[in-house]
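Have a look below at one chain only, the form predicted on its own, in structure tokens format.
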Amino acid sequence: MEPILEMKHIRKTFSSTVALGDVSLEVWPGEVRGLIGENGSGKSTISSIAAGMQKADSGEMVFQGKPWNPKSMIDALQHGVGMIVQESGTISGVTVAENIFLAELGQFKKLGIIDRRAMNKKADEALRAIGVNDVHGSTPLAALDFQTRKLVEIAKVVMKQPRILVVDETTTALSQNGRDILYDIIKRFRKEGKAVLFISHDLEEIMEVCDTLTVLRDGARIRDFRKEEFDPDAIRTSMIGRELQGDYYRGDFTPSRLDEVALRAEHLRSGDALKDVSIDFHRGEIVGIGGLSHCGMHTLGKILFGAEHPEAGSVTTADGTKITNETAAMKHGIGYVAKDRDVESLALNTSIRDNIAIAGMERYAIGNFLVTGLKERPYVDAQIKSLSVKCSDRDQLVSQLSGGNKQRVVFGKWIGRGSEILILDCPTRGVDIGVKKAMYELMDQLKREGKAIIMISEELPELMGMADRLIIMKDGVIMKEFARSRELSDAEIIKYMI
């Protein structure tokens, strides 16, 4: 039996950063091969080269016995390799059907006019084929949330019936129902003798889903594991090159906070997302907000930052100022790390310097309008250093960074300007073990400095591990509030979520 795909001696650099040194990889029929490693290890880079997103500097690829050098992701998908990307792989401003048949609209043209009814029908069929029954081809993509857009992307790729499906950190953007849909697709590919290249930072998930596992570190292939060899400690040690000591989370189990209320939400209403939600957020505490994906917590985060307007209710600061937009929020020391960082938190095609500097101009600009490199550069460099952003220099494009380093840049943007209130929506989504640990340590440090941390997360272990108070939401209402405790169990919490 021959491998479906062989990648031989692949090398890729970004400026002076070596993303892949000399990596060879094989993918076999009926195999679900996992790729794991810290951010910057090369996982997304090698998979994106296989899927035509970018070119290798050197090396060769063989797909189904023939040289493989796709011109683009569309070309790769049409010839047998489809990739579901980590961030947004869809285009706003058009319909679901137009996204699914992007670059293929000609097949629906009659006398130069697109038959939208036929296109929408075929899009519906593609969605139903993967088990998505509540989304229609005629729906504007902008009307869908991030995880539903991801299902549209999955339908688009699977419809082409590729021999290899590349899944890059996709499950972190999906609800449990969405994950089940993807897992069923993976099982189908295995059964049909096709292959899946599966990238995840969730070690438990990757051990469950995959048949084999390849560990990458610093652009090199470190070790392969067969299913029977899967061992969490051995895999972690291979990833980071050392044994990871201690817990990722806070070591104390005593809830604490200062008396001062930093931010107050009163009687917030927003369609079905929020129904009369009131919460006080204190300085010197981490408030965790959890629930299932559509419970309303993500809408709450946007409203607290002024990015969305409630139908009723208010958000006020300690001095009584109402937060009605992002400008007011920033003026009163509020920072917001969005769940969809590539769309809402970063300008990907600009530099690290521009992304960090834009939020803190009043910190270094002369008269709040004159920007000089003499003051801007040290401001940016201080954040790069303090947050250990792995990059060639401050002028490297953010799009070239790994997921974890992108997230460090987002944190740097808000911490650099001295934000006193931080709203963190899924702050560790798509980052590796080492970066998670660093972020948890940073959150604990900021809490001890008296800042207010609002952590919205779909990951129950990190909420239990970090929060002084844990608020569980369901169907737009607060179901239960838990104080930090060593005895608190996930079973006790989950019954209020479902």
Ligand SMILES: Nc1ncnc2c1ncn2[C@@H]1O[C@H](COP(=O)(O)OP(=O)(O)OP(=O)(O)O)[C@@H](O)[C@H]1O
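Start at 1 with the first residue shown and count on from there. Just so you know, these numbers come straight off a predicted model, no measurement behind them.
A second form of this protein, the form predicted together with the named molecule, is not displayed here; the remarks below concern that form.
Engineer: May I ask whether 41, 44 and 401 each come within 4.5 Å of the named molecule in the model of the complex, counting any non-hydrogen atom?
Structural biologist: Result yes, every residue of the spot touches the named molecule.
Engineer: What stretch, of 454-462, 468-476, 33-41, 438-446, brings heavy atoms to within 4.5 Å of the named molecule in the model of the complex?
Structural biologist: Looking at the other structure, the answer is 33-41.
Engineer: Only one of 383, 148, 86, 299 comes within 4.5 Å of the named molecule in the model of the complex by heavy atoms, so just point that one out.
Structural biologist: Only one option qualifies, and that one is 86.
Engineer: To verify the annotation, which of these, 212, 95, 396, 270, has a non-hydrogen atom within 4.5 Å of the named molecule in the model of the complex?
Structural biologist: Contact check passes for 396.
Engineer: Residue-level contact is defined here as any heavy atom of the residue lying within 4.5 Å of the named molecule in the model of the complex; does residue 405 satisfy this criterion?
Structural biologist: Judged by the heavy-atom cut-off of 4.5 Å, residue 405 is in contact with the named molecule in the model of the complex.
Engineer: Residue-level question: is residue 23 within 4.5 Å of the named molecule in the model of the complex, judged on heavy atoms?
Structural biologist: So residue 23 does not count as contacting the named molecule.
Engineer: How about residue 339: is it within 4.5 Å of the named molecule in the model of the complex, going by heavy atoms?
Structural biologist: Contact check for residue 339: no, nothing within 4.5 Å of the named molecule in the model of the complex.
Engineer: Considering non-hydrogen atoms and a 4.5 Å limit, does the named molecule approach residue 201 in the model of the complex?
Structural biologist: Result yes; residue 201 sits at the interface with the named molecule in the model of the complex.
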